[in-house]
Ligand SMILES: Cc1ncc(COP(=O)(O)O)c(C=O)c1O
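Just the one chain here, the form predicted alone, laid out as structure tokens.
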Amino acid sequence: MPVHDPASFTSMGEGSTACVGLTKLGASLGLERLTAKLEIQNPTGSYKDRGSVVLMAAAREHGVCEVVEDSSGNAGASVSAYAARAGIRAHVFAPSSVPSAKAAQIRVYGASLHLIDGPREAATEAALAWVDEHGIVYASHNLSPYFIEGTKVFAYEVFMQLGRRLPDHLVIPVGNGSLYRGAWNGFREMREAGLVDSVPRLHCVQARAFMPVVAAYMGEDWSPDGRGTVAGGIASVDPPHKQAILRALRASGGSAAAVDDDSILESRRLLAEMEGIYAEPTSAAAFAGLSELVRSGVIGRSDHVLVPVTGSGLKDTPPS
């Protein structure tokens, strides 16, 4: 970790989330080995805690006392929680459409929540303007290398929890790609260190209304048309690290799939009814994409597939 003083860390037990077999859902998809890694077990209910603990440790080590973050919800809640624990004041800029449970969670940690009308990118623009005006540190989970160093640990955990082996495939929902990029960095480090001979194929799943990475991977033109999506956590028009995601896609032999809202909500229902896992729509998008990848033959019946359940359904429950 890129933090010199271990005392800078204010851990709340993030990480070491369970890997569980999804026997029934796997069988319904025609898969013999499907595993979920339950990132919903992290302290604030999403994988973002992995990055926030490192980001806030670095801020604390450098004497930062106030930060600005912009988020669609989960990262804002996570940064707010770890900032509170580190004694750092947080300002979170989020779209006014943020789910009420996520907004309440951000506020309960004592952060100042700034709700911004318009698309997700408007919150980023407002945050940057606030940073320029007030001279506060911009602790962006989308841009900070410290945050990615935290999400990298996900890959090492998978290796250890599966008996020092890796699955054949990872299927990850991608907006700005902080988990995707972190996982790729971790797997690549393990290969370079000689711990493994090969890495999993890392597949990217996006909502059809927000598919800049999928379109670029496919060589297709794409531009936003104003449609929304139930998968708000991956509603990114122009990820700042799109090229890095694409490089990881190609280097790992991964593929990319776009899914519509109906398939996302159906996957969310099946995951709950078959396996007892209550995921937010953004997480369910990965399972909808998995179905597409199996149907197209990218993933075979006997392949071992791991899917992270990135966020809790308790934080984002769309109308039935």
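Source: prediction; values computed, not measured. Residue indices: 1-based, along the sequence shown.
The same protein also has a form predicted in complex with the named molecule, omitted here; what follows describes it.
- Contact check for Glu69: no non-hydrogen atom falls within 4.5 Å of the named molecule in the model of the complex.
- Under a 4.5 angstroms non-hydrogen atom cutoff, the named molecule in the model of the complex has Asn74 among its neighbouring residues.
- Interface membership of Phe287, defined by any non-hydrogen atom within 4.5 Å of the named molecule in the model of the complex, is ruled out.
- At the 4.5 Å threshold, heavy atoms of Gly150 stay clear of the named molecule in the model of the complex, well away from it.
- Residues of just one listed stretch (167-175, 108-116, 81-89, 208-216) have heavy atoms within 4.5 Å of the named molecule in the model of the complex: 167-175.
- Taking Leu179, Ala139, Ala94, Cys204 one by one, only a single residue has any non-hydrogen atom within 4.5 Å of the named molecule in the model of the complex, and it is Leu179.
- If you take 34-62 and check each residue for a heavy atom within 4.5 Å of the named molecule in the model of the complex, you get Tyr47, Lys48, in sequence order.
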